[in-house]
Each structure stands twice: as C-alpha cells, then as structure tokens.
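The chain below stands alone and is given as structure tokens, in the form predicted alone.
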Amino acid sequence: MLRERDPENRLLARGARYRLAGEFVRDQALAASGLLVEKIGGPSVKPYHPPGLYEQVTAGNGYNVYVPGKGDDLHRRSLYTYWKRSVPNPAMLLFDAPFREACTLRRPRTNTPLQALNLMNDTTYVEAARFLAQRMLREGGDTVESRLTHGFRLLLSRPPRPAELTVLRAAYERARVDFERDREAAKAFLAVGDSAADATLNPAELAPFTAVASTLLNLDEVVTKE
C-alpha cells in the first residue's frame, strides 16, 4: 500500500526501523508535554541527575558537586546538557549515548529493562508525564476516551485503535482506584520535579492520567522510528 502511494519514497513513507537516540527520546518527551525550551544557543545546562552519583565518582565536596539547574535549564534540548566524561548523564547512557572519550562512528542500539525503568522513574520523564497529562485534561475534551486519544495522538501522530484505547481506559481506571485509596501517594506522585502541578486541575483526575501518560511514553512505538 505505501509503495503504491509513494513509489519513489519522496514522502519518506518507508525506511529503516530503529530506536531513537537517547537525546531524541528525552527531547521528544519534553516536546510532547510542552516542557521543551526551544531557545537556541547558550552555555551548557545541568538537568536532573541521580543524587550522589556525581559525587561518588569525583569525591565531590565544595564546588565539585552536581547542582541541577532551575527553571528553563531543566528543560533545554539534550544538546545543551553538561557532560563530564567520568560521570556522563546516566539516562542518556542507558540509551547508548557514548562516553565521548573517543570518536564514535556508529552508536549501538540496545534494548534493556533499565531503559523502561528509566522512562518510568527518572524525574525528567515523570515530570513530562504529568505535563502531558495536563495537556490531555485541558485540550482533550470532556470524556476519558477523548483525553486518552489526545495524549496518544500527541506522541504517536495517530489515533489509538479500539483495542489500544480499551487497554488505556483499563489502565486509567486501575490507577484512579489506586490513587483514590492512597491520596498521599497521588500527592507525592504529582510533586515529582521542580515544576509545580497545575493547581486548577483535580488531583484525583491528574494523577491517574499522569500514570497513563507515563505508559504512553514507554510504548515501543513512541521511542522507535517506524
């Protein structure tokens, strides 16, 4: 079908399938959530980093410690991330970014459980999931299905199939029940990251939609160039 519609591949209908580079995975999550700062140029910035990791390697004290940036610095394009070769950004390393100790002609592409754990637990992605959920609530209409569909389209540029929408609706309902039982867990979940949650939105709705948004960010189709 694609070959018939685009026989010379002028519309790039066909191409190799491969997992996105680590920088692209992060930038895509920030862009879909609305967090990405599109400013061009400027000095390197320090996004979120696992606490203590930098200092363990550098025996850091005084000025030799990692201090994450504030505001826009946390959401600049990955191109501007501060890089120390002895302690590279661990989230990008999980997605096969090189150490930069030597010229790399071609990056390997691996598929490991740690990548999924990073996408579900790293502060950058939890925060991005919350902002994506806020877009789903503000822009996605009045029904759960329309909001789920909006989030799905923001990331995959297509509407979900009926079976996919059914799975997402079930995930939403499970998360909603869990967060209703444990309001403190919902509060802690929505407090991850330096940016505050939208106070005009109902936390009882925002928390389960954030959980679903995190699921969407983990989809193979999201982190893979089809």
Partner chain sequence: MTSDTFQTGLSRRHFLSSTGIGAAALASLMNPQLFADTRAPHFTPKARRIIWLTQAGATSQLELLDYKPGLVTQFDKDLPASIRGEQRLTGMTAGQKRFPVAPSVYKFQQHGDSGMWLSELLPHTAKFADEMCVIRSLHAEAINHDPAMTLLQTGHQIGGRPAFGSWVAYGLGSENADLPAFVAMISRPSGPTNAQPLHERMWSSGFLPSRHQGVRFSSGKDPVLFLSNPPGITTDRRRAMLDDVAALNRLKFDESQDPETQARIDQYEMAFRMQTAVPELADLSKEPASIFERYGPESKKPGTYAANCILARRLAERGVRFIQLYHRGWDQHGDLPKGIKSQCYDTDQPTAALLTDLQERGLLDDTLVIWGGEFGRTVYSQGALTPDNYGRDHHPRCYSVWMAGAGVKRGHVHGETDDFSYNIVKDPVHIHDLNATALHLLGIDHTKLTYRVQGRDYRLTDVHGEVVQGILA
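Under this definition, the rigid core comprises the largest set of C-alpha atoms superposing within 1.5 Å between the forms. Numbering follows the first chain given and starts at 1. Everything numeric in this text was worked out from a predicted model, so none of it was measured.
Omitted from view is the form predicted in complex with the partner chain, to which the following refers.
Screening 171 to 179, 29 to 37, 196 to 204, 65 to 73 for residues having heavy atoms within 4.5 Å of the partner chain in the predicted complex returns a single hit, 171 to 179. At the 4.5 Å threshold, heavy atoms of Asn118 reach the partner chain in the predicted complex. For Glu145, no non-hydrogen atom is located within 4.5 Å of the partner chain in the predicted complex, even though that partner is not displayed. The partner chain in the predicted complex is not approached by Glu139, whose heavy atoms all lie more than 4.5 angstroms from it.
Mapping the unseen interface onto this chain, Val87 counts among the residues with a heavy atom inside 4.5 Å of the partner chain in the predicted complex. Applying a 4.5 Å heavy atom cutoff to the partner chain in the predicted complex picks out Phe99, Glu101, Ala102, Cys103, Leu105, Pro108, Thr110, Asn111, Thr112, Pro113 from 97 to 113, in order along the sequence. When two forms of a protein are overlaid on their rigid core, residues whose CA moves 2 Å or more are considered shifted, and Asn202 is not one of them between the shown form and the other one. Once both forms are fitted on their rigid core, the CA atom of Leu20 lies less than 2 Å apart between the shown form and the other one. Core-superposed comparison between the shown form and the other one: the C-alpha position of Glu8 differs by no less than 2 Å.
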